[in-house]
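Just the one chain here, laid out as structure tokens, in the form predicted on its own.
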């Protein structure tokens, strides 16, 4: 077990280094000068003053040094927990800005991923019970899983927000409210959260339902199912074993799809102007804030790696075959 965990940690460590390096490179090769963009917003008309301020801020942000020095300085700051200062919201630290927005993204992502996975798996298993259910639920699942997150978000925004008026269409809470630990603020917060959550939940639900339906049908035609049926085992017992075996590929699928789901969440936040990391990425791009961009991408990369590592551990715990192989390998 420990040898397996060590190999996994080594793999994720190497992936982290490569991902952080790419994350550092991408903003620096984007067009535009972040310092010039910041000074242009200040509307400085004196060319000499503009030149002096450009030189000063290039030194402040470390942009006057060669790229390899900037790279090693980034790693040094990363180990100290220092991601730099935002160009757009100067002089606020990048870490403080991200920590202010990340609860919204996590509050949207975690419930949508967990609930869509659980409900989708049960719907898929339910649809595999007969042709009538299969012919009814399967087309709906294909439509949902083929719908991009952004389109579903726009559709729900228009139908339930603009036309129906049932839910607010933008923001994380009412503009007239101040965040507080009060019941009115909590109700308002949930009302703004519901539509982004629903759009992610519905799209994810279709994909997991189709995957589970196909896996259940495959498991019911496997040799062990036919053997149990020949022994006279109850149909419910056979389906229970089929469901348990079908859950294992779905756990693997969750790890594979995690990056796509997070990208969908970021786009959903942009549609609803939800104050999470997605909206923050858009504003960082508009303001050429490469330090904030690389900080956000770093948090996303670390979150995906941690989630995949947790899923790997869960897979080992729920799959007895993996534990037997590790025990055999150790002996």
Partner chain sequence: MGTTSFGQDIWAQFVHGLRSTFVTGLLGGGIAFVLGTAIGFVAGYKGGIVDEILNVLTNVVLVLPALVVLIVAVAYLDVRGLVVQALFIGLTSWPWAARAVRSQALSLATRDYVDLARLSGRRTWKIITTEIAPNMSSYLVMSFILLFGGAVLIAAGLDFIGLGPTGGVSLGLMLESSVQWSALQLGMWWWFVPPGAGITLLVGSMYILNVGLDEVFNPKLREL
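Positions refer to the first chain, counted from 1. Source: prediction; values computed, not measured. So that the term is clear: the rigid core is the largest set of C-alpha atoms that superpose within 1.5 Å between two forms.
There is another form of this protein, the form predicted together with its partner chain, and it is not shown here; the text below is about that form.
Visitor: Where, among 106 to 114, 194 to 202, 151 to 159, 75 to 83, do residues come within 4.5 Å of its partner chain in the predicted bound form by heavy atom distance?
Guide: Partner-contacting stretch among the options: 151 to 159.
Visitor: Which residue among 146, 237, 118, 251 has a heavy atom within 4.5 angstroms of its partner chain in the predicted bound form?
Guide: By the 4.5 Å heavy-atom cutoff, the listed residue in contact is 146.
Visitor: Can you tell me if residue 224 lies within 4.5 angstroms of its partner chain in the predicted bound form, counting non-hydrogen atoms only?
Guide: Answer no; every heavy atom of residue 224 is more than 4.5 Å from its partner chain in the predicted bound form.
Visitor: Using 4.5 Å between non-hydrogen atoms, is residue 263 touching its partner chain in the predicted bound form?
Guide: Taking the distances in the predicted bound form, the answer for residue 263 is yes, it comes within 4.5 Å of its partner chain.
Visitor: Taking any heavy atom pair closer than or equal to 4.5 Å as contact, tell me whether residue 49 reaches its partner chain in the predicted bound form.
Guide: Judged by the heavy-atom cut-off of 4.5 Å, residue 49 is well away from its partner chain in the predicted bound form.
Visitor: Residue 19 versus its partner chain, in the predicted bound form: is there a non-hydrogen atom within 4.5 Å?
Guide: The answer is yes: residue 19 has a heavy atom within 4.5 Å of its partner chain.
Visitor: Could you pull out the residues of 254 to 286 that have any heavy atom within 4.5 Å of its partner chain in the predicted bound form?
Guide: Going through 254 to 286 in order - heavy atoms within 4.5 Å of its partner chain in the predicted bound form - the hits are 256, 259, 263, 266, 267, 270, 271, 281, 282, 285.
Visitor: 2 Å or more on the CA of residue 308 between this form and the one not shown, with the rigid core superposed, yes or no?
Guide: Residue 308: C-alpha displaced by less than 2 Å between this form and the one not shown.
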